[in-house]
Each structure stands twice: as C-alpha cells, then as structure tokens.
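As a starting point, one isolated chain is supplied in structure tokens, in the form predicted alone.
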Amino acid sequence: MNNSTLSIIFVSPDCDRIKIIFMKRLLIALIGVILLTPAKADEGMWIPMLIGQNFQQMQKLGWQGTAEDIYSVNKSSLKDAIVHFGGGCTAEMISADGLLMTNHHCGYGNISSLSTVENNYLMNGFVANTKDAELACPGLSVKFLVRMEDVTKRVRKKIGDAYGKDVSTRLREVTKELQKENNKNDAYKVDVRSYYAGNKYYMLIYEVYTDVRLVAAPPESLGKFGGDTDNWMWPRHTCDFSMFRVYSDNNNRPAKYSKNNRPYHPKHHLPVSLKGVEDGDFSMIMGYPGRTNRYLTSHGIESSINDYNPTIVKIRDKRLAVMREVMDRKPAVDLKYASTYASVANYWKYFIGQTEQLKRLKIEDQKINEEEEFKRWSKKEARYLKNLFPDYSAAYAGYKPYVKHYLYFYEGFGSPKLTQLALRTSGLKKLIESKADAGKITKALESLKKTRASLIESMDLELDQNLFAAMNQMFYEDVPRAQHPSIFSSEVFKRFSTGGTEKTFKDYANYIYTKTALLDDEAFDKLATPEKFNELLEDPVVTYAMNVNDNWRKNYIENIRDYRYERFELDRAYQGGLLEKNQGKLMYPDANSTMRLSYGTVKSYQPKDGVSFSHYTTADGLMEKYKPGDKEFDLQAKIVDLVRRRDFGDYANEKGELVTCFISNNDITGGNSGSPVINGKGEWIGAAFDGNWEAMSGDIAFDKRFKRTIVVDARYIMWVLDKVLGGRPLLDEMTIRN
C-alpha cells in the first residue's frame, strides 16, 4: 500500500481574488455539515467521531453494534483498539496484554534491522513465546487516539486572512496553544489537522507509546509471497502479518524502554473470529489512511498521466535495477537494503498502475464533466468562483516546466547515502558562519558524527557509488539544461568528459567515492572540528552536494512554495464551493493520516469480460504458485509439507480448505496497511494489506465496480502462528471465537 501522488503548481502570487473568496467560504465552513461529493455506501473514509450520520447505511449492510461502540470518549470503543503504527501504517490490539497485529510489510524495517546473516528473522520467521524472548524495536512507536474535537472556529479566527506560509505559521501557533491547554503533565500529543482543504479543522489528542517489541513474524516466503509480481494483484496468497507488544509503566502510561515495564492493557482489544466470511458479509475497516486526492481537477489528472507519474516510474525503475544487481550478489547487502528496496518497488508499481487505470477508466473526462456541472451551478449561485478553473489551468501550466527537476532532486539526488551525509554538513556550516556559541557547534558536530556512523553502517559502498553515478546521469539527461547545477559544466564534464555520458558519471562517481574524507574514519575525525571544518566543506562530495542543493533552493524552491500556496487557496475555494453546492448530502473529506472508518461488504468481482474472481483464495492456490528456488514464489519445506498433508487443524473452513485471503469493497489507501477488518459483531476477521490492480486510480477516483481491499484471513494468520511458527501460547492469550 502507498500514498497518493503529490501535485504542485505555479502562478504569480496575485491573490486578491482568493482573499475575497475567503470570507464567504468561511461562513460556508462554519455550517458544520460534513459535505463534499455524494458517496456510495461502500465509498468513503469517514470520521469515526461523526459516524452516527452513517448509522442507517451501516445497519442495512450488517453492522450489529451502536455508533458509540465505534467511537466513544466515555467508555471503551473500537477506536481504543486501533493505533497509528510507526507513523505510516495501522495496527490493532488483539489481546488484553498489549499484543498488537499489523502487516509484515509494516514491520519489515524493524524485522530487517533486528536480523543478521546468522539470525535471519526476515527470512526464517520469528516467534517469542515468552515475554523475555521479545525483541525491543528502538525508534518504533504507536499512537492511540484519545479523542477528537472540532476547533474550526478557533483556528479560522487565528488564521484570519493569512496567505501562504503565514497560514502554516498561525496553525502552528494555535496548535501550541491547544497543546498547552490539553496536555497537563506532558501526557498527550496534540495535533490539529485540516479537513476539506482548510474548510474544517479538528484537534486530535493522542497517547504515544515508545516501548514496542517484536513478538512474531512469518518467514519472508509467506510474508512477502508473490513479491513484486503479485503486488497490487488479486488473487493473492500472501500471509502479510507481523506481531508486536506494547509496553507501559506500572500505571499503564507511556514509558521509555525498560526491563521493568509491563505489557500495556488497552481499553479495548478485538476478539478474533475463526468463523470466516461469505460473499456479501458486512466488513468494516478502521485505520490511518495516508492521502487521497478525490477532488483533484482535470488539470491535475493530465499532469499525473503525462508528467509526474512517468518521471517517478523512470527514476525508481533505475534505482531498483541498481540495487538489485548488487543485492543479488551479496546476501548481507540484500538484507541491509531489503526494506528500502521493498518501499521503492511498492511505489514504482503503484504509479505504473495508477497511470494505466486513470487512462482506462477515463478519469480526466469524468473530472471535466464534474467541473462543467460545478461551473453551471456557480454561474447561478456563486459568481465569486467564476475564475476558479482558469486559475487552476494557469497554475498547472506554470508547474509543468519544473516537474522533472522537482522529482529528480527528491527521488534521485537524495537517494545515495553518501549524498545524504554530505548534505548534513549544511546545518553546521550555518552555525559556524553565524558564529554560534561553542556549545551549539559541539552539539552539531556530535550529531553529524552519529549520523555518519549510522549511514556508513547501513551503506554498501559499491551499491551507493553505482546509484550516485546512475542518478546523476539521469538528472543530466532528463532535466532541462537551463536548470542544471553549475558543477555539471564546471567540474564533471570539465574533468571527466571522455567516453560518453555514462562513463563520465561513472568516472566522476569513482573520483568522489575515492577522494572523499567522509568515508575515511581517520580523515573525517581530523576535519570534523570547528577549526578544520572549512576544509571539510571543500571535500569533493560536500562541494557537489552543496552545489546541487543550492541550485535547487536558491533558484527554484521559493517558486515551488508559491505553487503550493496557490494550490492550497484554489483547493480551498473549490471544496468550499462543493460544500455549499452539496448541502444536506452525506459526504466525506480526503484522507489525511488521521483515523478513518470505511464500511462495505465482502465482494467478488469481474475485472473484465469473461473473467470472474471469487471473494477468497486458499492454500491450494498457494501451492499452484509455488516455485522451488524462486525468489518470489518459493516456500519453506515445512510449509509445503503442512499444506500437502492438509494439516490445517482448527483453521480450515467447512470444505476443509485453508482460506488464505479475501476481498471486500472497503475504501482504503496507503496507511491502511495493517488495518483490522471487522465483521458486524465487532470481531477481527483479518488484516488489510493491499488494493487491486483494476482500481489503482482509487486515490483519485473511487470506482464501485472494481475497487477492492485485499485482506489476509484471520485463520491463515492463526495457522501460520500455530503450525508454522509454533506460537500457540500467543493464541492462548487472545479472545478466540468460532
């Protein structure tokens, strides 16, 4: 799973017309109706606090509880079992002793970092049947939502008629005020988020737990079964889960890691159902979807199809090829870069699929039709919006020349670890130039040394050097020459100009990685002092990194910020108009990494003429895909033996099948990975982990015919935990229902 595309825009900052729009939209926003675009019953990522408005629809589909069973401040509710995991995924509490379930790919980085060639938990799997055997995960945290509150009036009063970066500044100020008011004894984290493109604001109060330990993970052959080939595809047979435990102090409050901490006791945990699902059964998903862009205009669709997506796919395609070539030859490097590779590959395939489906489903034409309808309405009801779409058009026209530079800077330039390290010297340079006190400089130097140690440890020099050469060559060949950093002409081609472009950048990379002091412990220690730091700034890789960085930040970044400011105002105007146009209809806002709920049903589908997909898969299909020795479809001998003997225990369905995965028509996106799938009784029936190829445009346009969520079945997870890993004690602490 992954987040939606980012679009940025450009026009001259002539915004008087926007400020006029503001005052009327402010009145619209305060109506308090949760509106945007009419939604179908299975479409929408709803705010749990307001889910009562959807209650009749949910009951018709099969929800048997109350709205308060889902979200309550005064009593235990489902929201208390759902956590934001590591900042990018979702997880759920499945025992009274802090046991937490999420996806394998969500825990992948932690599992990888805890693994060694000798103890390869990523490859072989891991289970801790005693709490002493659980493994601490430094840096991992989970976030529980305590409550939400509508603070629109207060935030809008604070923001007033601010524009551009002043909006963000004033939002931070009011957030600090609310943090102080709602965070006695520093017990909570307070966040304020924009909904409906700045037409509404909600305060979210969290408890953050930082002592989180690895409990179980399947062998990678199951947790990542199908690899890149099956990613975003149905049918699926991946057992995409991992388990952790949350720890607290003796008062059940957050605490730093300590052997004296005890398992956290959640206000609510999800009972596990082994009954299974049938086509048409109610399904509900709660989690933290990252970003959707359902109200992107036709101009944004055109930009995604023709500029943004093809560029990012090209860059990531090369990054993957460079990494794979070295990883295939070096097992230790394969383990070291496994998490990075998986992340890059996921987005790479996502953008390929999104482009294909945007074209196939003719989303640009759909958007044009929606905009024409809006124009007809605005001529009658809201003439102040008459320039909206011409302004959008001008903005995207201004953005177009900079798309490649923007993406190559962030996707290409920053990908080698040596470049990342070189860039970290810029902050120290500013301190020294401003003649900061010695204490600050010493602290910054120590930070630089720690960063260097971490990056060197995680780096393979051959892979990093190859990546450096490839990314710079692509930057040179694809970004308009007028936007190139000066070092390309003054240094690279002046000194290394024989043998063609590819050889030039390979020779330059070899020079950089051979001559830099940043890769030499002794040389670096001599230069990483206040007295010698100016010499470090003359290091070849530092000189290179600063030149490319300065070219971007001095010549382009202010314009890029202007694009974003203008886009924010246009989006707020458009969605404010939609709020007014669609009053009285049940609507939802775009996802923004805050807790949401979607509801629908388990549902089969027909992706094209003559092809019909069942709502579930079984271990029989797992064996049909099994290819001994294949990197994506191999299986451990124990797993093959268990399946062939049909040793499914209590986890088989009535037909004697081991169900592996199922699909529903729930509305999800990146960030929902690991989200619990819940039946009408509030029981956990599986973990969401992917979407389907036919609906890859879903972050921009929901398609009721094709949109599906791919779920790893609870029974498959329990079977792996019990039969494959030998983790029966973990099942014994869950609330299991047949």
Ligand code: ARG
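All residue numbers refer to positions in the sequence shown, first residue = 1. Predicted model only: the values in this text are computed from it and were never measured.
Although it is not shown, the form predicted together with the named molecule is what the next lines describe.
Annotated contact segment (heavy atom within 4.5 Å of the named molecule in the model of the complex): 223-231, selected among 370-378, 196-204, 165-173, 223-231. Each of 105, 346 and 690 places at least one heavy atom within 4.5 Å of the named molecule in the model of the complex. Within 4.5 Å of any heavy atom of the named molecule in the model of the complex lies no heavy atom of residue 697. In the model of the complex, the named molecule lies farther than 4.5 Å from every heavy atom of residue 432. When contacts are judged by a 4.5 Å heavy atom cut-off, residue 342 counts as touching the named molecule in the model of the complex. The single residue of 654-683 lying near the named molecule in the model of the complex is 673, the criterion being any heavy atom within 4.5 Å.
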